[in-house]
Each structure stands twice: as structure tokens, then as C-alpha cells.
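Single chain ahead, written as C-alpha cells, the form predicted alone.
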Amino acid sequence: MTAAIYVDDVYKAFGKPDAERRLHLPWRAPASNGHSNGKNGHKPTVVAVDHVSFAVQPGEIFGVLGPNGSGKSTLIRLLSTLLLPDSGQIRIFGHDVDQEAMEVQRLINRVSVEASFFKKLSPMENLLYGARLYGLDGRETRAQVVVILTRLGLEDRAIRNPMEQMSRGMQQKVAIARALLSRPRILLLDEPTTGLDPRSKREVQAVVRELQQKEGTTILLTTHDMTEAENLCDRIAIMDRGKVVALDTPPNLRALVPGSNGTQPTLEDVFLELTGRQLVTEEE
């Protein structure tokens, strides 16, 4: 079976000299500390994704758990063709993200925490505009927009009011609805519930489960919410400083750490044991 997502020894750093980037010249990876000294006028090189490998099977919900700055969002941008790896290979249902970017873009959609909209327009107007970009039928899409947004907890009045009147959490729901319109085979969710209240989080998580169970959608979810990762994901990769330090099912990850005082270890305990530091949740 062809993997939905195949990531092989992918490396991505920032601060690479512009001339080398334009000409695609080979360059040497930085020393193990992940930073160059910035001599000769070059920007310090910061390693965002450090030789990462994994495969996601069709229909799987795959979580990437880690603190801000661990490389999660860069990984999402690499998978969605917004960035290209410096080395290694990424394939989406067999298509190379570098050589076959258009084919990849037809298979995926992405929801990020910084989703943008025409704020003077309503959710309905924003989604209908997005539907035209996908070549979708306007009349059929209008009905689908109402169904999706209602399922995400938006009232009829909110669907037709300007986006600028909505909370950040409500706007995030509209971003998820926009991604669902194209019925992607792979949905990339970059911290999709950040800023949502507990009820909205549950509604979004219910839609994610429904997409997997009823549509067979493959979902890659980045988060620093351990409860969300454990409740939703079939498998979880724990990232720290650009590296995958562990990858397994939630129960198997917890089994890496012995419990204490009769309590079961949490994913945070696992992360602390593997990295020596806490999972932070401050905004970047």
C-alpha cells in the first residue's frame, strides 16, 4: 500500500545564503549545535527540521506533538509545498512535493493557526470565494457551507455576518470549514484548536474524527495539547528541536516511562523523560 505521507531523512534550515538558495547549490549542514557562527556576513543557520523520517498510512490520524519552536509548523509547510526541503524526500500518495507540486496540492488542504480572510465579508462569502478557486459549483457549495458551519457550531446569523465581528475561535472554525470544501484526501491541521474554548475544541475534534471514520481522510495534526493528541491520534511523533525523539501509539509512548505512586504516566511525562524539559504552551 502506498503511504499517504512519506517523509525520508528530511532536513530544513533557515539562514542559508541567498545565492546558494537561488542556484540550488549543495551546502554543508551545520554543526550539531544547529547554529553557525554568522561569520563572513552569513546569517546564523537555524535547523528547523533535522533529518526527520516517518510514514503515515491512508486514513490514519497522525499527531506531531511538541512545544513551540520544535519544528512542527515548518514540517507542515514542507508537506504542503510552501517550503522545499534542503535534503531528503517527501511524497504525498507517491507524488514528490518538489517535482510534482501541482499534483500534491490537489490532494491536500491545510489549516493553520494564522488563517486569513476577507474580514469585511461573511463566512458564507469567504467560503464561496474559496470554492470558486477550487472550481466548485456555487449552488451546491452554498448548501454544503451551511451544513459544515452548522456542524462546527456556527449559528445561521453568524454565517452571514462580517468575519470581523467574530472571535478568533469562531474564525478558526471557518478556516477548517474552508479546508473541508475541497474534500482533501489529506488534511494538514497546524494547531487547529489553538485559541478555542473547550466546547469549540470538542466540536472541532468531533469533525476530525468524523472525517476519518466516514470519509477516510488522512489527517496530520500538529499540537502542543497532550490531551488532544492522545484523544485523536492513532500514532504520535514527539518532536524536540527539529528531531523526532519518539514515534508510536499513545499507549506505547506512555509505556516508555514507569508510573509513580500508582499513577499512569502522561505524554508530558514521556516528553520530559526524553528531552529533559517541559512541554511549553506559550504563544510564539
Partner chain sequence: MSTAIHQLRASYAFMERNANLVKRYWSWEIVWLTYSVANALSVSYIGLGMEKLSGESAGLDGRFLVLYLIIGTLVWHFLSVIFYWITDVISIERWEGTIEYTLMAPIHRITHMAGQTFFALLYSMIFNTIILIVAVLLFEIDLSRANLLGGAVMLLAGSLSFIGVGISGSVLPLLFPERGSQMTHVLIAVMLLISGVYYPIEVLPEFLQKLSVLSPATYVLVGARAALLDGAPLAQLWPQIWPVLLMGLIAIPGGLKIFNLAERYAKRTGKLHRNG
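Predicted model, so just to flag it, every value in this text is computed and none were measured. Numbering follows the first chain given and starts at 1.
Below, we turn to the form predicted together with the partner chain, even though it does not appear here.
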So in the predicted complex, are A4, S53 and A55 all sitting within 4.5 Å of the partner chain, heavy atoms only?
no
Identify, from the list R168, R151, K119, R183, the residue with a heavy atom within 4.5 Å of the partner chain in the predicted complex.
K119
Does V147 make contact with the partner chain in the predicted complex, using a 4.5 Å heavy atom cut-off?
no
Might E203 be said to contact the partner chain in the predicted complex, defining contact as any heavy atom within 4.5 Å?
no
Please run the contact check for V174 against the partner chain in the predicted complex: heavy atoms, 4.5 angstroms, yes or no?
no
Does any heavy atom of P162 come within 4.5 Å of a heavy atom of the partner chain in the predicted complex?
yes
Looking at heavy atoms inside 4.5 Å, which stretch does the partner chain contact in the predicted complex, given the options 120 to 128, 210 to 218, 194 to 202, 87 to 95?
120 to 128
Those residues of 83 to 111 with a non-hydrogen atom no more than 4.5 Å from the partner chain in the predicted complex are L83, L84, D98, M102, Q105, R106, I108, N109, R110, V111
